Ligand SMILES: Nc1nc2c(c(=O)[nH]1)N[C@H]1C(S)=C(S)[C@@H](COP(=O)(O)O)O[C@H]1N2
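This document starts with one chain, in the form predicted on its own, laid out as structure tokens.
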């Protein structure tokens, strides 16, 4: 085992360990915090010497990758997120983004085209009218934000799994990537894309999706944290390459779900 070098000046080792533990799945977290792991053990487990801010980030990123893998192994396509009665819908449903509502994209529905690419048979763009003509389902589910709040919303739209079948997507591929009008992007695993509650949402509370909630399309995934649910979606790609995402590229947990 490589010798642990000096800890980052000014960094509280206990706080660093707790931050690392928060990135772990619960059973591993409990063992980690019982004192079995020290900074030396953390170095051994991840193969990284903690000598500065960059190496500490590398350690936490490796733990986050472990967490992603563990969550993916535990994910079951048949396990559904709770659904609620209409009386439970949060009103007003909050707007949330890394920008103000006044800066949210404004798209012309008559000019909108949803681009489909990657490992699919039919790559023709879809108009909004064509998307609205798809068979649609409704769900009333809770959106959980990584910032610690949650809200229940009523969403209507097409199952993403049905759309993938319609365009001849290769569902043996690993990922589905989404691009949004404001430059946001997001990659999800294929198992989540095929989950029965993963939805191309075109309406909120049975009305055309408001600008605040992602007009003309939001990908609604109640099995994922809120930042994994992209809004203002303009393109989709089925791929075997993890193309990352806006927050994931900044170190957020990639899987971030059940």
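Positions refer to the first chain, counted from 1. All figures in this text were calculated on a predicted structure; none of them were measured in a lab.
The protein also exists as the form predicted in complex with the ligand; that form is not presented, and the subsequent description refers to it.
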The ligand in the predicted bound form has a heavy atom of only one listed residue within 4.5 Å, and of 140, 116, 128, 143 that residue is 143
Of the candidate stretches 160-168, 118-126, 89-97, 132-140, the one with residues having heavy atoms within 4.5 Å of the ligand in the predicted bound form is 89-97
Quick one: is residue 227 in contact with the ligand in the predicted bound form, heavy atoms, 4.5 Å cut-off? yes
>> Just checking whether residue 184 would be counted as a contact of the ligand in the predicted bound form - the rule being heavy atoms within 4.5 angstroms.
In response: yes
Exercise. Is there a non-hydrogen atom of residue 218 within 4.5 angstroms of a non-hydrogen atom of the ligand in the predicted bound form?
Worked result: yes
*asked:* Quick check on residue 212: any heavy atom within 4.5 Å of the ligand in the predicted bound form?
replied: yes
